[in-house]
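One chain comes next, on its own, written out as structure tokens in the form predicted on its own.
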């Protein structure tokens, strides 16, 4: 996955960090339980955030209890006894990972394709299981992947059109955690802006590589960038920062309209500090350091 929607550790409290780790670890366990050991490789901060948001809105308490890491039994961690939110995140994350793998097989170089081809049979099996549980979600993600492929094949230079398929997908996914109609409307807007931010920050993060390898990138096409024009690339990053700031501001504005039952401090840390920190790193052109 992308890995930009993450905590800002320097400002999170110890208690909130342990709760976040508890959700993250529970999601890891549920991925393994539902889709096998290999599926745990798809664990991401993005789906952890979706699970957190779900738990923050639902009435049922996550019911944390002591546990241990499956890969390091000597390491203690919290785990959630209520797994409704983590199961949804596991299913959606598995579907997203499968379609991302298909994209890698279609677009990447030989060595990345080779690794993806080795994983494909297992991921295809996991996707079939997830699609049985979430057929509507599978159809929505497949439609997004198809729309995104068409945008890239057409090599559109419109940043708005390029971001639209993924923005619409996250709008749909966010509504899946809504507890009532009012939340559904707010979450649709929240998810749309979040999806737009994620797509665009990933495009900025890949900008230098995409220009060098002549791969599709809406920023590179809209500004007619070449890798030797470092001033133009720097100006493009500054321009992208303004777009990303607008998306992030809309996310926070939508979140402020929600009636949150728990985890408000964690979610605000991610939205107001973690994501801006990811954005600053990407816009500055630092080496990629995000984890999934």
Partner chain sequence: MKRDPYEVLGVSPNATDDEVKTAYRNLARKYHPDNYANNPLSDLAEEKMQEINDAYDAIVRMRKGGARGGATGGSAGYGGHSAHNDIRQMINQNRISDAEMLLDGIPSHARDAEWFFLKGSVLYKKGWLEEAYTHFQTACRMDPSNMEYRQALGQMNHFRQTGGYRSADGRGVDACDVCTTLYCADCCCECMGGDCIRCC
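For clarity, every value in this text was computed on a predicted model and none was experimentally measured. Positions refer to the first chain, counted from 1.
Beyond the structure shown, there is the form predicted together with its partner chain, which is absent from this document and is the topic of what follows.
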query: Candidate stretches 227-235, 256-264, 31-39, 46-54, one within 4.5 Å of its partner chain in the predicted bound form by heavy atom; finding: 256-264
query: All of 106, 199 and 202 within 4.5 Å of its partner chain in the predicted bound form, heavy atom check; finding: no
query: Any non-hydrogen atom of residue 182 within 4.5 angstroms of its partner chain in the predicted bound form; finding: yes
query: Any non-hydrogen atom of residue 208 within 4.5 angstroms of its partner chain in the predicted bound form; finding: no
query: Exercise: residue 9 in contact with its partner chain in the predicted bound form, heavy atom 4.5 Å; finding: no
query: Contact of residue 21 with its partner chain in the predicted bound form (heavy atom, 4.5 Å); finding: no
query: Residue (of 152, 138, 87, 164) lying close to its partner chain in the predicted bound form, criterion heavy atoms within 4.5 Å; finding: 164
query: Residues of 148-162 having any heavy atom within 4.5 Å of its partner chain in the predicted bound form, listed in sequence order; finding: 158, 159, 160, 161
